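Presented as structure tokens, the chain that follows is alone, the form predicted alone.
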Amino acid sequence: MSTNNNQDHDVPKDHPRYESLKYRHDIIEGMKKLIVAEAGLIAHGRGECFDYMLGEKTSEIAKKAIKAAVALLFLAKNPIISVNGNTAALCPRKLVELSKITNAPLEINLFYRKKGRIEAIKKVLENAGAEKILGIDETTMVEIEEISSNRRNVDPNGIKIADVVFVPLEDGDRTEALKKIGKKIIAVDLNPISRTSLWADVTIVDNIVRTLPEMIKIATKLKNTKEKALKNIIETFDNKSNIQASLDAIIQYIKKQKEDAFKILKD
């Protein structure tokens, strides 16, 4: 989705918050076009807070999780990439690119099913190059009984039969439910102690706008990797340690910011 809107033109490129403000405007424009639910603006703002505490950069910890996530997608028999409004508004082209390189179909799955949203998201994905999108035909959808929200309605050829589900910008209820019925979950969540993060098999504590390009980069390198080597990547990855390291990184960053702030105040 283009960020060349009138609001974006008001933000100077040398502004220290330029990138953050640019994506913020993408979310706002996405809401105007029905791609993003109103609640998605709140979720994005919450994420910005955690991203600030991560230094707004992809850590080496996150890169290790990304590598494990890519390996898991390549090892899957039926991988699927679940798409919600915020992800579609922020990085549709990267979603399509990742889908193609990992052979993991895109499925639209929404918590808020406002009339016109699925069609709006379908359109933005198609404009980004998607050729096949699941989760758009309401008449063929099936339910996952373990999920009580609207997300229980899934495509019979997508999430329903998937063994690995990539859920960027996820809600904890669905992650927990999908785990309980035997699916492996890859999550992107800036909050390392959310239910999504804690329940996932691989938790990438990072901003989705940085995660997807990094996933594509690593997927390109691992595409022809043998199964044994991919399995080794997964076996040597521990999500509990990953989450702990991510929390430690946040703590260290805040401590450093505190020290820097006190120096300024002192001066």
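Nothing here was measured: the structure is a model prediction, and the numbers come from that model. Residue numbers run from 1 along the displayed sequence.
A second form of this protein, the form predicted in complex with a small molecule, is not displayed here; the remarks below concern that form.
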In contact with the small molecule in the predicted bound form (heavy atoms, 4.5 Å), from 228 to 236, 47 to 55, 214 to 222, 61 to 69, is stretch 47 to 55
By the heavy atom within 4.5 Å rule, which residue out of Val96, Ile118, Ile147, Leu169 makes contact with the small molecule in the predicted bound form? Leu169
Of Arg113, Arg195, Lys179, Lys100, the only residue with a heavy atom within 4.5 Å of the small molecule in the predicted bound form is Arg195
Are any of the heavy atoms in Leu90 no more than 4.5 Å from a heavy atom of the small molecule in the predicted bound form? yes
Although the small molecule is absent from this view, report whether Leu73 comes within 4.5 Å of it in the predicted bound form, heavy atoms only. no
Is there a heavy atom of Leu34 lying 4.5 Å or less from a heavy atom of the small molecule in the predicted bound form? no
Decide whether Asn207 counts as a contact residue for the small molecule in the predicted bound form under a heavy atom distance cut-off of 4.5 Å. yes
